[in-house]
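Take a look at this one chain, the form predicted on its own, written out in structure tokens.
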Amino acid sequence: MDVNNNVINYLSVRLRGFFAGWENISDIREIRIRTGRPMIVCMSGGERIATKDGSPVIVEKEDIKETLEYISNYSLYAYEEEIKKGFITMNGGNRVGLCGRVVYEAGSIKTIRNICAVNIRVAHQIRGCSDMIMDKLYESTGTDIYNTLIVSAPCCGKTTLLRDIVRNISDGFMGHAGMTVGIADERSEIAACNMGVPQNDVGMRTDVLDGCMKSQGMMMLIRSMSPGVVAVDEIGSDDDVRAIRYAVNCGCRIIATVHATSMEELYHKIPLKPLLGEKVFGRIILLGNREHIGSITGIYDGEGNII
């Protein structure tokens, strides 16, 4: 049984029955269930609304409750730490986003109650997706990695590419020795840890700080794990920039991602202007979705010249 079928089996019995006979079931990216509204399945080609006899399948409150019981193995309380961040990470790296009533305690989020919406995001690790560009990321000596920034609009594959670059750097690639990598995985999307154990293959020499703020995690990794490379997803704050500068000054290489739809938009991001102006990143990879999600639009050097 593949990952997609496993995910379907976490749905309530009533909802999973509507997948019988579906074609291209392995192409499922997300399953969104909201109380009182149709079940929507997101695939690479767009949305598909589950129907029965031509009418939309409406999600009931009991469907949400039963689905959460299966996801948590009837121990939802065991996931309280994750729930208060808005998601649960399942075995296999599949991630379940949650919406409901947020409960605060002493000014901080304690948990989410009365969950009324669930978004199951199917993990799609693509081993080898970075192979074709790895030679562009090693410096001319072949013994070190350029500080690299992966740029794309949301949902264009930047985290998938980042994950595979980390795996290749960690394991070693085409004669290049493996390097120790530290991941500050603030949203548990790179390594997809479950109870602290990475569910995605991020390489044999990789250490993960799961659920830790990027800016704090980068510094903690450098102080405790001595990585040669630090990887983070979706940088953009002033704190992130300070932490990157700290890492670089400590001799670490950085592999990071950022949201932007073009090089022009990237260079207009105010917090990143100092790093870009100082040419901290020797490689900038721009992704698009013209041909397919994750297609590489261009690879640039620190000067902004395409290579």
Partner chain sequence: MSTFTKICGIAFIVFSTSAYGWVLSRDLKRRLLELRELKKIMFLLRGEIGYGMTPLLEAAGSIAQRVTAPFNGILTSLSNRNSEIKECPFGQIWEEEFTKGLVMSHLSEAEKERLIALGNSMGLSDGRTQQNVIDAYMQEVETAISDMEKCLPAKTRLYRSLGVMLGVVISIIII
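Residue numbers count along the first chain shown, from 1. Note that the structure is predicted; figures quoted are calculated from it, not measured.
Separately, the form predicted in complex with its partner chain exists; it is not shown, and the next lines address it.
Interface residue among K136, K110, K85, R127, judged by heavy atoms within 4.5 Å of its partner chain in the predicted complex: K110. Contact check for N9: a non-hydrogen atom falls within 4.5 Å of its partner chain in the predicted complex. For S140, no non-hydrogen atom is located within 4.5 Å of its partner chain in the predicted complex, even though that partner is not displayed. The shortest heavy atom separation between R245 and its partner chain in the predicted complex exceeds 4.5 Å. None of the heavy atoms of Y104 is located within 4.5 Å of its partner chain in the predicted complex. Checking 47-55, 249-257, 64-72, 277-285 against its partner chain in the predicted complex, the stretch whose residues place heavy atoms within 4.5 Å of it is 64-72.
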